[in-house]
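As a starting point, one isolated chain is supplied in structure tokens, in the form predicted alone.
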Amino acid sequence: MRAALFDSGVGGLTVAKSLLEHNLFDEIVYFGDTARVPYGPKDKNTIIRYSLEALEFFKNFDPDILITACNSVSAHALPELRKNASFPVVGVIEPGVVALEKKLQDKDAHILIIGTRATISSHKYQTLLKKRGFHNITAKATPLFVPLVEEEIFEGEILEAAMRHYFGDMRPDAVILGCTHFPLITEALKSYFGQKTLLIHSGEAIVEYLQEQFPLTPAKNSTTLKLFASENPEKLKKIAQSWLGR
């Protein structure tokens, strides 16, 4: 099977990493819209337009499934993508909520959702969580984290200052990383909130979701990864080499 994997930038490589580790597909075609990252500050119609342009790109590869690693795309563009695709289109929001529910039994637990402005303002995470009985929810847009990750700043004074700015003395029981860039700062977040805080990572959640929803069997050979970007593809390949070892 061939999977198309779409993200606004390099953050979707965190999802690619999980997919590669589980060897679910024969091939993954990754497209990062690095010329227009981040999608978070953009309006819904713009996000849909960019997403449909990416879909046209992927059609050249005849994929069996499209995974939108970008939470902003998952929040706003899934209906249009599904309407225009002849193959399944899967987002990362529902898998993240399902993964949280499996790991956190206490409906009174304090859940913090962090993501781009587009993701948080869509209320998709909040709505799904409330439907499952969770009510102590804080949703916070943390747009500074995206450019920091794009610059490979995963720790240090600048990141710590951004966390203090956004979180103050907040100590949630669980944090949903509502942007695929954010798993790269997992250690910094754990250090800030405490090691006992449950972190829900889109890459891990999507693997379990795909295994449950689709008849996937591990590929016979190691998954082939093809990388494309709308700008500076060499930078994307360099980051993939650093993060993924390939």
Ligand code: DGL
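Numbers for residues come from their place in the sequence shown, where the first is 1. All values derive from a computational prediction rather than experimental measurement.
The next section is about a form of this same protein that is not shown, the form predicted in complex with the ligand.
Residue 37 belongs to the set of residues with a heavy atom inside 4.5 Å of the ligand in the predicted bound form. For residue 179, a non-hydrogen atom is located within 4.5 Å of the ligand in the predicted bound form, even though that partner is not displayed.
In the predicted bound form, the ligand lies within 4.5 Å of some heavy atom of residue 116. Although the partner is absent here, residue 146 lies within 4.5 Å of the ligand in the predicted bound form, judged by heavy atoms.
The chain is drawn here without the ligand; in the predicted bound form, the stretch among 39-47, 188-196, 56-64, 213-221 whose residues come within 4.5 Å of it by any heavy atom is 39-47. Contacts with the ligand in the predicted bound form, taken as any heavy atom within 4.5 Å, map within 1-20 to 7, 8.
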